[in-house]
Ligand code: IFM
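As a starting point, one isolated chain is supplied in C-alpha cells, in the form predicted on its own.
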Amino acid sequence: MPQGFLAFPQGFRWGTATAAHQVEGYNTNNQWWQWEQQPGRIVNGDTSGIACNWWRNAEADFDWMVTLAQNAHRLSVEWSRIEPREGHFDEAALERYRAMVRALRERGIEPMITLHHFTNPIWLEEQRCWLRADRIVPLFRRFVERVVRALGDLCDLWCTINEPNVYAVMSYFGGRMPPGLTDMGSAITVMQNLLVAHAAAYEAIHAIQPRARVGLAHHMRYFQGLRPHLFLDALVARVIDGIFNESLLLALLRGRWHWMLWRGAPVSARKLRATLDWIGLNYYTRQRIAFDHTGGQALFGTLVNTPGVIMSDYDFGEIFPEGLRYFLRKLARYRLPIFITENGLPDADDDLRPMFIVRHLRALWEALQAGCDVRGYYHWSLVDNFEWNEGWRMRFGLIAMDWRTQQRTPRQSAFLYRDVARANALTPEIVQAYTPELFSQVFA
C-alpha cells in the first residue's frame, strides 16, 4: 500500500444523486402522491409536500453543489409532469427541465438523467400498465423519445430505470410501495416488463442520439448467510442473491432469463443483450439471511441484522464497505464502464457518515487498483429529502434540511466530500482532519 494519498482517475465524476419526487415538491399527479394521502402508508403520516422545493428553485441547491466542488449530478424527470394525461405532453414542464439541466451545465456539473425513478402518472397506474408489456413498452418508449428530443442537446448520459428489482419487489410483492400488492407472480411480470422497457428505451435513445451513453441503476445488496457454516443459511442467501442481484445482469448482459423470470416472458432475453453502455451500481449494505423452515419472509429466508455491528439510523443497514469492492469487481467482468449511482446512509447527527464515506472510497480505490473501470461516484444524497415510505425521518443528505422551514445546513461530511472532490484523492490530511481514527487503516 503506497504512502501519501489515494488518487482517483483524471476526470473522475464526484457527484450526488436525487429523485424528482423526493426533491421537487407537489408532484400531485403521480401514484406516490396518492399513496401518501392514505393513512398508515408513510411513517409518522408524513407527506412529500413542498419536498426540497426544486421545481421552483433547484438552482439554489445547484449552487451548493458548486460550493462543495461537485462536477456531476444524477437527477430524474417526473413522467407525470411531462405527460399528465395520456398522449398530452406539457411543454412548460419540459422547458423547466431544460432550465434545470442548463443550470447544471452552466455550473460545470455534468447531468445524468434518470427517466423512471419509482413514480408513474396516475393514468398509467390506474391501468396497471407495468403488468402489461403490450401497453407499457410503447408508452415508455414514447415518453423517453419526447424527453430525449427535448433535453438531448444538454445531456448524453441517460439512466433508463432506477432499481428495477426494488420497484418490482417492493411494489408488487412486498406491498410497501404503490400499488401495494403482495403477489410474486405480479412482481415477476413487472420485472420482466421493466427490462423489456429498458431495452426499448435504449434503442429509442440511440436512434435519436447515436453517441448517447445509456445504462440503468441496479441495486445490489450483499446477501450472506447468518451462519455461513450452515448449509441451509448459505443456500437461501445464494438463491436470494441470484434472484435479486443476478437476474437483471443475466438478462441484460448474458441474454438469458433467470429461472424465476423466464416464465411467460414477453420476449426472448436474447433481445435484451447489448442494451447497456454502462452499468450503475446502487450499493448500501450487507443483509444477513437465516433459513426459516416455516417459509420466512421469502423463499424460506428471514432477513436479520448481524449481531453486534454498527447500524445506521432506524436500523436501515449495516456499514459494510467490503460489499462495494466485491460488487465492483463482479461487475467489472462484464467489461462495461461502471458508475456508482447511489451510496449513502441515513445519519441525522452525522456521527457515522464521515467514516462511511472514507471507508467506501477506500474500497472504491482498491477496486480501481484491481482494474475496475469506475467512472464516477454519486453520493446519496445532496440534501435531506422525502424518503418514500419512511417519510422525513431518514436523513441521507450531506446537507441537513428542515423540511418545514427549508433551512439548509451543511454537515461535516459535506466538507469531507468537498475536500476529496477538490483533491480528486483521499489524502492523509483529509483523513486526519475528519476521521483520524481510520488513518492507520486507510494508509496502512
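Here the structure is a predicted model, which means the values were calculated and not measured. Don't overthink the numbering: it's just position in the shown sequence, from 1.
Just so it is clear, the following notes concern the form predicted in complex with this ligand, a form of the same protein that is not shown.
Asker: Answer yes or no: in the predicted complex, does this ligand come within 4.5 Å of a heavy atom in every one of 156, 203 and 275?
Answerer: No, none of 156, 203 and 275 comes within 4.5 Å of this ligand in the predicted complex.
Asker: Using a 4.5 Å heavy atom cut-off, state whether residue 387 contacts this ligand in the predicted complex.
Answerer: Yes, residue 387 sits close enough to this ligand in the predicted complex that at least one of its heavy atoms falls within 4.5 Å.
Asker: Would residue 325 show up as a contact with this ligand in the predicted complex if we use heavy atoms at 4.5 Å?
Answerer: Because no heavy atom of residue 325 falls inside 4.5 Å of this ligand in the predicted complex, the answer is no.
Asker: In the predicted complex, does residue 162 have a heavy atom within 4.5 Å of this ligand?
Answerer: Heavy-atom contact with this ligand at 4.5 Å: present for residue 162.
Asker: Contact between residue 365 and this ligand in the predicted complex at 4.5 Å, heavy atoms?
Answerer: No.
Asker: Given a 4.5 Å cut-off on heavy atoms, tell me which of 407 to 415, 387 to 395, 27 to 35, 51 to 59 is the interface stretch with this ligand in the predicted complex.
Answerer: Comparing against this ligand in the predicted complex, the contact stretch is 387 to 395.
Asker: Among the candidate residues 339, 140, 284, 130, which is the single one with a non-hydrogen atom no more than 4.5 Å from this ligand in the predicted complex?
Answerer: So the residue touching this ligand in the predicted complex, by this definition, is 284.
Asker: Could you work out which of 288, 96, 117, 359 is the residue within 4.5 angstroms of this ligand in the predicted complex, going by heavy atoms?
Answerer: Residue within 4.5 Å of the partner: 117.
Asker: Which of the residues spanning 11 to 36 lie within 4.5 Å of this ligand in the predicted complex, based on heavy atoms?
Answerer: If the 4.5 Å heavy-atom criterion is applied to this ligand in the predicted complex, 11 to 36 yields only 22.
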